[in-house]
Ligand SMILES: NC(=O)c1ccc[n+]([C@@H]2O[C@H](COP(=O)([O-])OP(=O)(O)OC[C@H]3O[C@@H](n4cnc5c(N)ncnc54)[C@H](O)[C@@H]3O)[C@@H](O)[C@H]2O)c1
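Next up is one chain by itself, shown in structure tokens, the form predicted on its own.
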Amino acid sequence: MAKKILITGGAGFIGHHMINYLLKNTDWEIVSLDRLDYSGNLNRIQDTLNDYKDNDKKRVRIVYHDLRAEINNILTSDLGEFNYIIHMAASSHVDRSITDPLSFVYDNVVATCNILNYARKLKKLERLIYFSTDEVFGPAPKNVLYKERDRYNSTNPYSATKAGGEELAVAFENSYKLPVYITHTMNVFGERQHPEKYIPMTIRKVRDKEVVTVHSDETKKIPGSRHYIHAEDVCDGCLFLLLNQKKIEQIKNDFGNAKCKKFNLVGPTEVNNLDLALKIAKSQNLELKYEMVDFHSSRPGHDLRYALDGNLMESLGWSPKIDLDKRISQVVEWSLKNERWLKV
């Protein structure tokens, strides 16, 4: 009998890639749970399903629910049992968190508590993955790569609420023996990303010959940097964790016998935002027009550099399969052919 997986935030950017990846690589039944706000777009799922036959389309079910409210008995009965849950639903726009922090507490902490409460009542649950972020560790000094259990240093309400969700997940494993893994990933990009995000925004601005803003240090000479990772690689990493649990469970608990295992899903190459913009311009055979802007004065709560250590996942046998340049070219080409996803 096929496994059954629940993906919260399935109509979101990474969530819809997760649905697509599972359709291609498993025979599982997939349920997407989403409230369909500004970041959730059913057209993402519809576009994905267009490439599949009817039998595969029937494996996907879409359920509306706002996780700021508990999953009540009626919805619990309707959803049924699950073998796996990937909790991706979250508010993630840093700027929005700075102007409206309380809404992020509801979306990222209260909603996480509600899905964890639901999950602990399931009888067949094998694993829940809480999808977190590199930003819980805060800015990374030069040459520093944060490991999975390094200390938190949230610099904005978004990262603070994701850290809060992490601690709830840890607590539910400790209190209720809920089988939880936590993933940290860095800047994710790919097809159908929200047009406010850096890569689709840069693709559009380069195409339209507009000036691209590149955040830098206060001297306006050193651009910020990230380990960008394609959404498909993130999905591949999540599926790897679900399929290799026996191997993973052999990893010894650490730091006071901490049971909840954490994993960094890291992009193949660190790249600064100016070089990334240049790669995007090169993929379009166009010149890059850009302006270096002091990131602290222009966007309080943002950090110049994030960096994660990917050695743990590599030791288990996982790393991204395709290099960054190929992924950027792939996304640029797709976006220019599907320009409706670049519209603000």
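Please read all numbers here as calculations on a predicted model, not as lab measurements. Start at 1 and count along the sequence shown; that's the residue number.
Below: the form predicted in complex with the named molecule, not depicted.
### Task
Verify the contact flag for N156: yes if a non-hydrogen atom of it lies within 4.5 Å of a non-hydrogen atom of the named molecule in the predicted complex, no if not.
Answer no; every heavy atom of N156 is more than 4.5 Å from the named molecule in the predicted complex.
### Query
Does M88 reach the named molecule in the predicted complex if we count a contact as any heavy atom within 4.5 Å?
Result yes; M88 sits at the interface with the named molecule in the predicted complex.
### Task
Check whether R35 has any heavy atom within 4.5 Å of a heavy atom of the named molecule in the predicted complex, and answer yes or no.
Yes, R35 is a contact residue.
### Query
Does F131 make contact with the named molecule in the predicted complex, using a 4.5 Å heavy atom cut-off?
Looking in the predicted complex, residue contacts with the named molecule include F131, since a heavy atom lies within 4.5 Å.
### Listed residue (D309, D47, D275, D66) with a non-hydrogen atom within 4.5 angstroms of the named molecule in the predicted complex
Looking at D309, D47, D275, D66 one by one, just D66 meets the 4.5 Å heavy-atom criterion.
### Task
Could you tell me which of 210-218, 132-140, 119-127, 74-82 sits within 4.5 Å of the named molecule in the predicted complex, going by non-hydrogen atoms?
Single hit among the candidates: 132-140.
### Whether G15, D107 and A111 all lie within 4.5 angstroms of the named molecule in the predicted complex by heavy atom
Yes: each residue has a heavy atom within 4.5 Å of the partner.
### Query
Does any residue in 324-344 get within 4.5 Å of the named molecule in the predicted complex, counting heavy atoms only, and if so which ones?
Counting only heavy atoms within 4.5 Å of the named molecule in the predicted complex, no residue of 324-344 makes contact.
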